[in-house]
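The chain below stands alone and is given as structure tokens, in the form predicted on its own.
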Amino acid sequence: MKQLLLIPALLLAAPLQAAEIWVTNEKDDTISVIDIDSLEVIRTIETGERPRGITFSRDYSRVYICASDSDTVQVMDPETGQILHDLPSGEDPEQFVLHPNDRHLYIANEDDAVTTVVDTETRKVIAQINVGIEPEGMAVSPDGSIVITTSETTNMAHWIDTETRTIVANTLVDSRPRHAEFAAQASELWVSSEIGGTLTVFDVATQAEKAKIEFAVKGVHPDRVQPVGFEFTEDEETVFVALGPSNHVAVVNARTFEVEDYILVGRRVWHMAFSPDKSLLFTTNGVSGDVTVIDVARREAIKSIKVGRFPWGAALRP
């Protein structure tokens, strides 16, 4: 009996794997894996050329990587770091979004002005949708009915019906839109405009502009305040916005659309990812080659973690 009782006791005592932040390094062709408990890089994994966008499957058994200069999306086993296979992606994939069905990838092809839809199970392209010039930002509604592609040169958000795979609306935004997210229980679409220096909020039901948020960082020239990636807290009351070469992250009240604070981070902040409990926010800082760790409650940077050259994308692996 004692031996039988010992087995579950040992299992209970076994350490659980810590959550991780996976960071793509554009110029090193690698991924840096950060352990959230120790706040240290614990693995460096080689990828294809110029990795940027990164996302996990719903069960976290696969990680998808936009290897932009290799013109492919790589599928990796996160346990071993081995590339399982490549997916056809169209030319120069930059960002993508995984449909809630956990099967269809919608990929922005910057050089081809198309959004490519790939079936991850059959590994085949099932559609290519013509969009504006230099598409980059991608978002999908929680119910999977709408996908958004933003085009940097056309300065538009393109609304794609995922059933017909056709554009049903185009909305103008300010210059060089970079990132898009659905919010407020999918009633709003938020789009950042890098050169325009703004974050635009649209009403999803009407595609009408609802609000426009501007930024002013003390001591920083307005030309250097360039909104790119952003992330919402779980209650969607607050949004953290990466402001590029201003080297700051803005804290915005998502209900009043007012900027409440600015946080100094590394140089040329690009994208972000939260820890599982949302208490920490990790920012990728391209020029300084590091990741800043932000204490969300205190709204201040608490650590800088050196990674590879030009870190770009970030994704949580719980």
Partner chain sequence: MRRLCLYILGLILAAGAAPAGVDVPVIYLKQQVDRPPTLSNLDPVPRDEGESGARLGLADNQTTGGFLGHDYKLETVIVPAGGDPIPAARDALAQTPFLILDAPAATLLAIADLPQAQGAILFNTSSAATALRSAECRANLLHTLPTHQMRSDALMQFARARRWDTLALIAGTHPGDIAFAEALRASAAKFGLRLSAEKTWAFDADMRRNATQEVPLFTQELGKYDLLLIADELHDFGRYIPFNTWLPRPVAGSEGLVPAGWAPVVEQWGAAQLQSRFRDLAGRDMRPRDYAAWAAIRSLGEAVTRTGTADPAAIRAYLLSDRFELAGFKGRPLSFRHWNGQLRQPIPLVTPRAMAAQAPLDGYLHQRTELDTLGLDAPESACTAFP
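Numbering follows the first chain given and starts at 1. Fair warning: this is a prediction, and the values are worked out from it, not measured in the lab.
Keep in mind that the form predicted together with the partner chain is not shown, yet the notes after this line are about it.
Contact check at 4.5 Å (heavy atoms) against the partner chain in the predicted bound form: all three of 133, 196 and 221 pass. Note on the interface: of 222 to 230, 183 to 191, 120 to 128, 81 to 89, the segment with non-hydrogen atoms within 4.5 angstroms of the partner chain in the predicted bound form is 222 to 230. Residue 167 is the only one of 217, 167, 139, 76 with a heavy atom lying within 4.5 Å of the partner chain in the predicted bound form. This chain is drawn without the partner chain; in the predicted bound form, the residue among 241, 148, 173, 107 with a heavy atom within 4.5 Å of it is 173. The partner chain is not drawn, but in the predicted bound form it has no heavy atom within 4.5 Å of residue 204. Contact annotation for residue 158: at least one heavy atom lies within 4.5 Å of the partner chain in the predicted bound form. Residue contact check for residue 236: none of its heavy atoms lie within 4.5 Å of the partner chain in the predicted bound form.
When the partner chain is considered in the predicted bound form, residue 62 lies well away from it, no heavy atom lying within 4.5 Å.
For the partner-free chain shown, just 153 of 135 to 153 comes within 4.5 angstroms of the partner chain in the predicted bound form, judged by any non-hydrogen atom.
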